[in-house]
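Starting off, we have a lone chain in the form predicted alone, written out as structure tokens.
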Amino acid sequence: MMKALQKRVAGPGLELCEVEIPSIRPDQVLVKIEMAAICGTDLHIYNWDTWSENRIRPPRTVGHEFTGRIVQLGKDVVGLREGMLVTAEGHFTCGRCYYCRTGQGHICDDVKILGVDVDGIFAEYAAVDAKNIWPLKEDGDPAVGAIHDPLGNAVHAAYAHCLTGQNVVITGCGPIGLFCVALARQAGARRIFASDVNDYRMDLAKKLGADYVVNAKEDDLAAIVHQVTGIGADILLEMSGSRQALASGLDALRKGAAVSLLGIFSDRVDMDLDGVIFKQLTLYGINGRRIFDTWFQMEAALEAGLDVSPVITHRFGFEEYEEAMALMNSGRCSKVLLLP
């Protein structure tokens, strides 16, 4: 038996349960979880919002961001070994659809998500498809290993553009926005503008290298960017999911600029398409991570000295999950780890 955090019934909250250690298929590995990170998706499931109510089918062990060690190999698994320190891509693709067969598995037609559609990693052990395993370096920081999934989202969004020498605006200083600040700084961005309404996260943006941090409730982001640059920013990385932030970010851009859209909006967005057209903006929708192009880019950035450790702000034991979720709901944190 093992401990696991599960959504047992439809409604708010989670339960710390004793369940059977999962058995593995021939193409899976059993991972002993050493560190797990709470994602915004997990918080949605904990709070039981409309998305969760329509998607989650209890009982379900939640969670998808982790570092752990392989303790058992399925009989068909090759290239991996027991004892390896690993994390994993949390999107399990079908391998058959048009997108999978054209190198676009991250937008697979029949994707299954770890901790959402199949049992996840808020547990002492987890069964994971071997093809999704990503080995980690033994001399690396296992806490950073546990946040490879959201860091990969940031790499995908930021590396859609050449950041070197560019004026970059980042709207939303949640963990992925903060990762984007660090990536833009490492890439040699000319100036980095970050905006949010949360003082705690704005302070983290400064620590990670933002040149200008704008409180969107108090100041005009677009006016500040145009005043500093004289023309407007070259790139917008939209991480907030806020209609107001998107509008101000688009206003901050020069003509011919480019945009990555990763923030998820809770309702329909009215966009000034005339402004997009006459400014000749290029918009990129960002979904997950390219499998596994983004992972190799992420590994290279970390090996080159990318430091995202300031984004990891709190650690709790599994038994303290209620305190951890309350902290997440307060916004006075960034990435929060759970330790089995």
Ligand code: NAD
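Please read all numbers here as calculations on a predicted model, not as lab measurements. Heads up: residue numbers just count along the shown sequence, starting at 1.
What comes next is about the form predicted in complex with this ligand, which is not displayed.
Judged against this ligand in the predicted bound form with a 4.5 angstroms heavy atom cut-off, the residues Ala182, Arg191 and Gln227 are out of contact without exception. Looking at Gln72, you'd find every heavy atom of it more than 4.5 angstroms from this ligand in the predicted bound form. The shortest heavy atom separation between Gly120 and this ligand in the predicted bound form exceeds 4.5 Å. Shown alone here, Leu262 lies within 4.5 Å of this ligand in the predicted bound form, counting heavy atoms only. Interface residue remark: His161 is not counted as part of the site for this ligand in the predicted bound form, having no heavy atom within 4.5 Å.
The partner is not drawn, yet in the predicted bound form one stretch among 232-240, 96-104, 73-81, 137-145 has residues with heavy atoms inside 4.5 Å of this ligand: 232-240.
The partner is absent here; in the predicted bound form, the one residue of Ala258, Cys108, Val86, Ala216 having a heavy atom within 4.5 Å of this ligand is Ala216. The listed set Ala126, Cys173, Val169, Val155 contains one residue whose heavy atoms approach this ligand in the predicted bound form to within 4.5 Å, identified as Cys173. Residues of 177-206 lying near this ligand in the predicted bound form, listed in sequence order, are Gly177, Ser195, Asp196, Val197, Asn198, Arg201, the criterion being any heavy atom within 4.5 Å.
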